[in-house]
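Okay, so here's just one chain, in structure tokens, the form predicted on its own.
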């Protein structure tokens, strides 16, 4: 309770809650639709927009938003039209976007933002106004998912059947990628690109090990993400560690433990099935 005496820690915990909601819901769609690699590509390509904003002297976040949404849609087209080599092409777009951003920042005169802050962010320095932005993002994400839930469910688990039922799969795919891009950009300065990628994938991956229903995976991913963020903040506070890296390390360890537990549970169930057959 000692750390709650400080406003920056209260803001960090509130940011953790809001981040968990956005990343849990979108992360479930990322994992179920198997677009984790695209999500990482979007996050790193957003650097291109940051560099473009500094080079042309306009808001880097606006540049990152436009660049990442464009990259997301481009990567989505590549994935669906060039399935055999999509991972290679997406990797090229990822590397080019990030490299372009770094070079544009290098060529910008005057003060330059610390690129490391975009990678790792600082959840301990989240101002109150950013919390309102994150709340608005959560509301938009939840509204889109609630309104289009049945269509997203059909696309996620049986795309062919969804197409037969005249569900606009292509449009939904673009909407999901756009939401991923917006989530990455809104949160990258707060928690950093690496933490956003981790929270988009690890909590949802753990939830999907034990749950099959999309809505339950979303709720589970939100709860697991909040657990990792809260415990990571507490550990980093107690031992004076970098909060973002601590959260990621705990999340990674949590995934491996969950994966091992799932394997042991499946092995136990298979053994009971063989015993019952005998």
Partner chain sequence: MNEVDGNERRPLIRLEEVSTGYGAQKVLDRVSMTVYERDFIGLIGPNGGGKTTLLRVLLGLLPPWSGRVTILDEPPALGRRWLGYVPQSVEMDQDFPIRVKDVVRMGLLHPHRLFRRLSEQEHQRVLQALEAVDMLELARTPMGRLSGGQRQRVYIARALVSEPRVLLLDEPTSSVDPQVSTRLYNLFSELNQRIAILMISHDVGTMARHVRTIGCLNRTLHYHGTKEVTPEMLEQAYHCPVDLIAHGVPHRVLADHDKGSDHAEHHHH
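Computed from a prediction, not measured in an experiment: that's the story for all the values here. Numbering follows the first chain given and starts at 1.
The same protein also has a form predicted together with the partner chain, omitted here; what follows describes it.
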_Within 4.5 Å of the partner chain in the model of the complex - does that hold for a heavy atom of every one of 11, 130 and 251?_
no
*Of the residues 153, 124, 77, 135, which one places a heavy atom within 4.5 Å of the partner chain in the model of the complex?*
153
*asked:* To verify the annotation, which of these, 65, 52, 222, 32, has a non-hydrogen atom within 4.5 Å of the partner chain in the model of the complex?
replied: 32
*Although the partner chain is absent from this view, report whether residue 212 comes within 4.5 Å of it in the model of the complex, heavy atoms only.*
yes
*According to a 4.5 angstroms non-hydrogen atom cut-off, is residue 91 in contact with the partner chain in the model of the complex?*
no
*Would residue 158 sit within 4.5 Å of the partner chain in the model of the complex, counting heavy atoms only?*
yes
*For residue 205, is any heavy atom within 4.5 Å of the partner chain in the model of the complex, or not?*
no
*Have a look at 54 to 62, 227 to 235, 36 to 44, 212 to 220 and name the one stretch with heavy atoms inside 4.5 Å of the partner chain in the model of the complex.*
212 to 220
*Output the sequence-ordered list of residues from 243 to 266 with at least one heavy atom within 4.5 Å of the partner chain in the model of the complex.*
none
